[in-house]
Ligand SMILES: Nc1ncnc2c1ncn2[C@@H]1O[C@H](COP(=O)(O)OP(=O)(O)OP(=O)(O)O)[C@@H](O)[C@H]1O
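Next up: a single chain in structure tokens, the form predicted alone.
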């Protein structure tokens, strides 16, 4: 709607996990480096936490894009609010396994586990590595599910894991996992995504505008400062504010978005 007005090829502030728009702040670079290390060195499991809207899912999607699809077989679980049986069936399905039942009452748990083990072993024999990412894992409240997820890491040989498990979620997830000492000991790396700083917020906005085809400045310095203040440096909130600001600015016919427009659209969001 406003792309032509601002000289954009596409909307720069969509809240979708598009790897093309990932802004590598120093902490994002560090987290990505850690996750790639865990996967490529076959270290078993890693934990990534962060507040709602900080970009965990985007990092996970970007990580998968970084992996050679000829080498890695992946499963990205976006809704883990399931029973253990349903979660396992979902993992098997995402890894390309044939359906083992329509729902958890159709099959025994050992049948699902045998199918998963078969997939993992076949991947290994074919020279493939298996990566499972569980996003929004903080919604898992059943302790039995966590215990059974831990047991997935028992799929291993004497010298290597048969899979790499990456667990993403909000900050309370770390407390949940730390409460299960046996599971916590299986986590090789724990990382946390904090809010962007004021300067990072500015660079984040500039980066996304550039990816969308606009290199000239659109926001004033005061607007950048106010966006940071209103968003708290959380990318999802930044996107909301900037998207509405571009729409409002095009409607008003301005050439630069100032703090007045940011105040107006921010009050709408609040």
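Residue numbers count along the first chain shown, from 1. Note that this is a predicted model, so its numbers are computed, not measured.
Quick note: we don't show the form predicted in complex with the named molecule, though the next part is all about it.
Of the candidate stretches 37 to 45, 213 to 221, 63 to 71, 23 to 31, only 23 to 31 contains residues with a heavy atom within 4.5 Å of the named molecule in the predicted complex. Of the heavy atoms in residue 58, some are within 4.5 Å of the named molecule in the predicted complex. In the predicted complex, residue 231 stays away from the named molecule, with no heavy atom inside 4.5 Å.
Residue contact check for residue 14: one or more of its heavy atoms lie within 4.5 Å of the named molecule in the predicted complex. Although the partner is absent here, residue 51 sits close enough that one of its heavy atoms falls within 4.5 Å of the named molecule in the predicted complex. The putative spot formed by 90, 150 and 178 is not touched by the named molecule in the predicted complex; no residue has a non-hydrogen atom within 4.5 angstroms of it. Listed residues 83, 122, 94, 170 were compared with the named molecule in the predicted complex; 170 is the one with a heavy atom within 4.5 Å. If you take 193 to 219 and check each residue for a heavy atom within 4.5 Å of the named molecule in the predicted complex, you get 204, 208, in sequence order.
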